[in-house]
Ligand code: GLN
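Next comes just one chain, in structure tokens: the form predicted alone.
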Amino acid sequence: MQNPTNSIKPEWTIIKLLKWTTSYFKSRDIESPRATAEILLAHILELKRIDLYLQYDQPLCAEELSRFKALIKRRVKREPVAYILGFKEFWSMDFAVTKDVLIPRPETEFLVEAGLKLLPEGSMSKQNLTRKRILELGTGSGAVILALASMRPHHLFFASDRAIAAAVQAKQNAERHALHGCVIFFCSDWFGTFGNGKPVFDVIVSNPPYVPSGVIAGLQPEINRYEPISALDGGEDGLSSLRSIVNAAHRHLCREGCLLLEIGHDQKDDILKIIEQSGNYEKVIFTKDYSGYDRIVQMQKKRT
């Protein structure tokens, strides 16, 4: 397979470029080579993917070819498509992403679904609506809290991240979706800024780091070379952050408040032990993801 610098010529059409790029990506073991080629080329041409085939015989100009080659080079270095494009779709919303934040995953939508079930629908004009207070810990791009706020805008939303750059990114995404007035963002290392104040949240959600430290080096290059390690590394057993949150969250939950966590595909038994040892929760429920793994755990603060 020839080098892309010497292979793509100005007279090449959309369909020829797609065929060549697909073959080149296959030779470099790039996942979903055809779809990736379509996504990158559509991005350069500012077209929808379907439009590539409606305009399949359109030739690219030299400037378009140059920019497309640059994206090909980035992808074969295993940079994730989301970082190349600068955004990722989640919950039918586009979120700007940089290397300061984890790329939102499809399975995390189950965290949103679980959260929505705990938040009453309706408007504040209805007297029977109870206004809930929701906190997300480790918000990253803000995908989870903003998806919740977009569906239940009449509640009160808060989101924290220990990385200033991530909190800024999340706030920008809120502005992108006209939700900047719905969510309060701040910097905090889990519950570090709350002290021992009285419980104020009805729901706390988090997708914390849960990958064991020793496993990270063996993950796909797209993950261990580019995504923020701090958003992945869950300590030696992968449970460090989960343990910290479970052991502290009850102090910040209102009576019968709920904690929702995303967990690793094989962590159900371990997280159950942590919950039981804390002695502060009841009504523990697990939700499976698209692959059939227990991905979300929900627990309610015990009545005292």
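Quick caveat: nothing in here was measured; it's all calculated off a predicted structure. In this text, residue numbers run from 1 along the sequence as written.
Separately, the form predicted in complex with the named molecule exists; it is not shown, and the next lines address it.
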Report summary line: None of 112, 203, 149, 102 but one has a heavy atom within 4.5 Å of the named molecule in the model of the complex; the exception is 102
Report summary line: Students should find that, of 211, 163, 93, 116, the residue having a non-hydrogen atom no more than 4.5 angstroms from the named molecule in the model of the complex is 211
Query raised in the report: With the partner left out of view, is residue 107 within 4.5 angstroms of the named molecule in the model of the complex by any non-hydrogen atom?
Result: yes
Requested in this report: Would you check, heavy atoms only and a 4.5 Å threshold, whether residue 231 touches the named molecule in the model of the complex?
Outcome: yes
**Report entry** residue 223 within 4.5 Å of the named molecule in the model of the complex, heavy atoms
**Finding:** yes
Query raised in the report: Does at least one non-hydrogen atom of residue 38 fall within 4.5 angstroms of the named molecule in the model of the complex?
Result: no
Query raised in the report: Counting only heavy atoms and a 4.5 Å cutoff, which of 154-162, 184-192, 203-211, 75-83 contacts the named molecule in the model of the complex?
Result: 203-211
Query raised in the report: Which residues, if any, of 246-274 lie within 4.5 Å of the named molecule in the model of the complex when only heavy atoms count?
Result: 262
